[in-house]
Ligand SMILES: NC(=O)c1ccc[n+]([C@@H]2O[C@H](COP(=O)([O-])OP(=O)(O)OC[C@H]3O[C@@H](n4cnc5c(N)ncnc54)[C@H](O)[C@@H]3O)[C@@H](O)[C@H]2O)c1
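In structure tokens, the next block holds one chain alone, the form predicted on its own.
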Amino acid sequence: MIKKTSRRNFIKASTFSAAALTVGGVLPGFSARSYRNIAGANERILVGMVGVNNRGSALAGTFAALKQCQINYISDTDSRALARCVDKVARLQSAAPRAQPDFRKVLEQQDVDVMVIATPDHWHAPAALLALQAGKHVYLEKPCSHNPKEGEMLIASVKKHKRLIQMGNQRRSWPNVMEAIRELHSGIIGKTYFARTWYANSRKPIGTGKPAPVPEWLNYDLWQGPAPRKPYIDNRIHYNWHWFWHWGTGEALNNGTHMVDLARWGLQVDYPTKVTSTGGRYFFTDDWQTPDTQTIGLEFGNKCAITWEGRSANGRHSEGSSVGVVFFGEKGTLQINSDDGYQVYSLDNKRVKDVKSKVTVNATDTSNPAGILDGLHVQNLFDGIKKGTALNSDIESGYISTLLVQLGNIAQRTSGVLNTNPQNGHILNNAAAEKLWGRTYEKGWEPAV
């Protein structure tokens, strides 16, 4: 086995022996094994994965489909999900990955270059911090953190340990979306002053949970990890943790992060001056804590504004799409929907450009909405590791986009309105809101840079 230090030096110095992934290669009907042959490398990047019940399982397929990648370890606190993912990956690559229920033991291994983290939100930043300390690069699903303080810690840790984090804002690497943003910045609709974003889905109620024995397939202590301990309730795991502040971040960060990120990118803004939020749990009476209906407003001085509308309980499309962002400018409008396409309209509402997506995207698919398109984002991380290519969603950028919707949630949970420092996004003159900048942790599980 190649030693850890020499292997890393080789990966940094080596270059791809085959052409990079291109739009022409991203076509429906490609099998996973044929996808692995699109791009190659002299030496594979070795990967460990943690959190593979839902989104992580889809990511495992995306990573395993790349020829220059080898997944060596799979981790999950659910033994059933762990076994399923090991079997899935074994069918996609030449060597079967090893099952390791505790991802912290994976971090001790030399044959891991990248950790892919797709755990529940409360584990995102703590797991990434442990991976950075162990000398691993990180692919981190959005949101990058459960709270703003953790995001700041990630930035500090990347600088300290000199490793990369690519956040899972995958649309940053979709070819036509990138083209649309370039068009915006080139002035196709003139000065752009407002972006409206949204997400709509018809989710079902989660009912009222009851205390129950911890299932034999679940390591509940490790699942809770850094979060202060709570007894097991039968309607939290899996997925419904999204709707509880203790572990999740609601629809705003579950789905809003993607479109608010595109809005911020298109408008070329960072930190807001004012944040508002209205909404609540209006549709069902159940255990769900976070809003099922929410509108977040972000103002950037007198320059521009962003809104995000989240409707978790009514899937009626807006502008013909379940998810999207519309940019309004002095000369017209540009719209990006759920897929890798965009449209441009004149001021009199005539369509003047229509760029079609080559890949079908189902934005309401909770595990794998974009399929093969996400491989481009992974490829960008591999290029960053091997060739020093700039990441499309590095931790600095990912943190800011995550922070915008985190501030919306903090506004929702406190006064409804926050004034913020445009230099760093910090909350001004609101003690109750400032308390939500961080969180408390289970003793002995506190994250560190």
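The first residue of the sequence shown is number 1, and the count goes up from there. Predicted model only: the values in this text are computed from it and were never measured.
Another form, the form predicted in complex with the named molecule, is not on view; read the next lines as being about it.
Here is the short version: of Tyr239, Tyr232, Phe283, Tyr193, the single residue with a heavy atom within 4.5 Å of the named molecule in the predicted bound form is Tyr239. Put simply, of Trp223, Phe244, Trp198, Tyr345 only one has a heavy atom within 4.5 Å of the named molecule in the predicted bound form, and it is Trp223. Proximity of Gly168 to the named molecule in the predicted bound form: non-hydrogen atoms within 4.5 Å are present.
Not displayed here, the named molecule is kept clear of Thr414 by more than 4.5 Å at the level of heavy atoms in the predicted bound form. At least one heavy atom of Asn54 is located within 4.5 Å of the named molecule in the predicted bound form. In the predicted bound form, the named molecule sits within 4.5 Å of a heavy atom of Asn254. Comment: 118 to 126 is the region of 284 to 292, 118 to 126, 269 to 277, 184 to 192 lying near the named molecule in the predicted bound form, near meaning a non-hydrogen atom within 4.5 Å. Although the named molecule is omitted here, in the predicted bound form none of Leu154, Asp261 and Arg264 has a heavy atom within 4.5 Å of it.
Residues of 62 to 77 that come within 4.5 Å of the named molecule in the predicted bound form, judged by any heavy atom, are Ser75, Asp76, Thr77 in sequence order.
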